[in-house]
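A single chain comes next, written as C-alpha cells; it is the form predicted on its own.
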Amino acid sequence: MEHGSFQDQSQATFSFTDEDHTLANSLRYTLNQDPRVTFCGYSIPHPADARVNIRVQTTGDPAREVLKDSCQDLMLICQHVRSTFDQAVMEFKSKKGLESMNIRP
C-alpha cells in the first residue's frame, strides 16, 4: 500500500505486510545505491505487527517507479547470489570435496 501525496509523487511511504527486516533492509540498501534517491529509510511500527513501512524521497522521479526499479535490482542480486552458490556446490561435488575432507560418519 502506498501512502503519499498526489501532488508530489517524488516522495511516498510504502507499507508491506507480512515482511520484516530481511526485505526492508535489503530494499533500503538497493534504494540507497540509486542516485535518484535523496532519502530512504524503513520502520517496523510494532514488533508484533508483521508490517514494514519504507519511506522513499527522490530527486524528482516518481517514488513508486524508483521503488519498482530497486525491487528488480534486488531480484537480480538474489539471482546472482543463487547462481554463484549453485556453481560453487557443483564444483565442490565434482572435485569430490567431501572425500578430500576426510570426514567419517
Partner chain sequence: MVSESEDSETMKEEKTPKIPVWDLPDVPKGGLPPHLELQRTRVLCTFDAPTHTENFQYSGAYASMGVDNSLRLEEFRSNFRVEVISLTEDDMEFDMIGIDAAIANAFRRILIAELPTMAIEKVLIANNTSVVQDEVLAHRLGLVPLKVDPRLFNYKSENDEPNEKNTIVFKLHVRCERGSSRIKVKSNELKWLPHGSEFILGTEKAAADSTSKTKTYTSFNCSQDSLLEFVNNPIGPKHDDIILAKLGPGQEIELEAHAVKGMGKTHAKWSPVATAWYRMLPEIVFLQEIEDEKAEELVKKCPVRVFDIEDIGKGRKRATVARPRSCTLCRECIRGDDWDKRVALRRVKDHFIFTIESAGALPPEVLFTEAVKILEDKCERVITELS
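Numbering follows the first chain given and starts at 1. In this text the structure is predicted, and so the values were computed from the model without any measurement.
The next section is about a form of this same protein that is not shown, the form predicted together with the partner chain.
At the 4.5 Å threshold, heavy atoms of R64 reach the partner chain in the model of the complex.
Although the partner is absent here, K68 is a contact residue: one of its heavy atoms lies within 4.5 angstroms of the partner chain in the model of the complex.
Of the heavy atoms in P35, some are within 4.5 Å of the partner chain in the model of the complex. Shown alone here, S43 lies farther than 4.5 Å from the partner chain in the model of the complex, counting heavy atoms only. Contacts of stretch 66 to 82 with the partner chain in the model of the complex, defined by any heavy atom lying within 4.5 Å, are made by L67, K68, C71, Q72, D73, L74, M75, L76, I77, C78, Q79, H80, V81, R82, listed in sequence order.
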